[in-house]
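One chain comes next, on its own, written out as structure tokens in the form predicted alone.
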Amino acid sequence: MTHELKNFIAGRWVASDSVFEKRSPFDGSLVAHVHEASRDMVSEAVERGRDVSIGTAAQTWGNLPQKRRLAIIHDFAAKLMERVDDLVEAEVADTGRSYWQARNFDGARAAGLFKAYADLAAGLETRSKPFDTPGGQALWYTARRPKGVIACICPWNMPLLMACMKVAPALAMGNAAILKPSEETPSSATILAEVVASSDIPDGAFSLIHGFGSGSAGGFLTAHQDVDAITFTGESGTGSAIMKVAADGLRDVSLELGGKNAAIVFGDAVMDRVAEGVQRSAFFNCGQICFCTERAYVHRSRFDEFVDRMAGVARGIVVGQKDQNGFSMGPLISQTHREKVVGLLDTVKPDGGEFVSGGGVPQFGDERDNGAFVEPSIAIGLSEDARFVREEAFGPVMHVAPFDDEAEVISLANNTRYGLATSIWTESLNRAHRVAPQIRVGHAWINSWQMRDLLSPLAGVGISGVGDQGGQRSLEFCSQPQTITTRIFGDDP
């Protein structure tokens, strides 16, 4: 069934004269007609958001006693949980991923972040200290106030999870959150807005705007001078452009960007564990996670074994089955993105490499041939300056190269402008904890991948990000610190 998705601005569903199509990456079918927000619509969302967060109507949200505000968020979280099945359906329709993945890694896991952030906000500690001055005794204490309007700009790869990770801390701290989902994944954000409309969250504290980037809703939102902070997850070039726009007005940014992540496999690693972990790190969500492995460096003594094992793993992955329980692979998000990934695959052989698995586009002989599928692909034999090794593909691709010693592999892993994540596979804890701090990344996994507490801090190095987020760090980003100092007189007048 085709849906019509409107903008949700300050408690109203707003249509637009400009409507675009959202098509399924699974089979090319029409999913929704989406109303693109105009500049005036974005301005209304910002103005109403500013009013209820730090303006004249702040008593309804930003200045609402914390206990009352967090109770409203708890109630909203419960209502959102009741719509989990709808959220899963929306994610499957937009992304083409399997129901198993959407249920286990999106769904309730994402919706639960609202309760988690409300609970975390309730426990935030303040600081205080009495002190003496030439004028007498005094006391200072700290508080955290709403920052104002937070622009929450989300990617298409994990759309529901990313939306909740951004909107939940913004609302918990009394801000107005304006959610701009990717034009490729508008559906779950619309359900989020439907639940807001049925909750006690006041009009203006949350708005949803649909559209594109520059020259559209995303550009209008980031350039608006009454937007107080921008949190963005996505491609590094877009993050750089947002940072430049945010410099006008000295507005805060939190950017989680791309990666060209390395897996490091030492000679003593247990290959069964490695194969299971790297299968997920390279091919989960069709490789469309910023933490995914696109480079693997394997000790020369285990190189052939690893390549043979992973080639077999890749060839055995179930592709294009929405009802598959357990690990499987769906399509890339769009035909346009597939063109980018295939373009990088096409550089492998001319640059001197070879594929041990994949390297092309699968054929199904049915409607899935209208989708955006690509084979899980493993290449070997390329130099470190090859495009396939240097550029982020954001797809189910990996290059494998050998190394001889610890110093060499540290240098290889760090030989990139990115610095988001790594996974280190070894039975030596001494080696693991010696190597991990030397890899210039925001998150290092040891004998695992994506075992992640969603409230743990996350940062990027280089062009992989600016600032850190997650848990308390997200609450701090979404609030303005304030120090209040009072003089203590010796006697009452």
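Residues carry their position along the shown sequence, with the first being 1. As the structure is a prediction and not an experimental result, all values here were calculated from the model.
If you look for the form predicted in complex with nicotinamide-adenine-dinucleotide, you will not find it shown, but the lines that follow are about it.
The stretch among 349-357, 123-131, 141-149, 227-235 whose residues place heavy atoms within 4.5 Å of nicotinamide-adenine-dinucleotide in the model of the complex is 227-235. Note on the partner interface in the model of the complex: the residue among 153, 263, 189, 172 having a heavy atom within 4.5 angstroms of nicotinamide-adenine-dinucleotide is 153. Scanning 278, 398, 242, 113 against nicotinamide-adenine-dinucleotide in the model of the complex with a 4.5 Å heavy atom cut-off leaves one residue, 242. Using a 4.5 Å heavy atom cutoff, 222, 257 and 458 all lie near nicotinamide-adenine-dinucleotide in the model of the complex. nicotinamide-adenine-dinucleotide is not shown here, but in the model of the complex it comes within 4.5 Å of a heavy atom of residue 212. For residue 182, a non-hydrogen atom is located within 4.5 Å of nicotinamide-adenine-dinucleotide in the model of the complex, even though that partner is not displayed. Not displayed here, nicotinamide-adenine-dinucleotide is approached by residue 218 to within 4.5 Å at the level of heavy atoms in the model of the complex. The shortest heavy atom separation between residue 392 and nicotinamide-adenine-dinucleotide in the model of the complex is within 4.5 Å. For the stretch 396-434, the set of residues having any non-hydrogen atom within 4.5 angstroms of nicotinamide-adenine-dinucleotide in the model of the complex comprises only 420.
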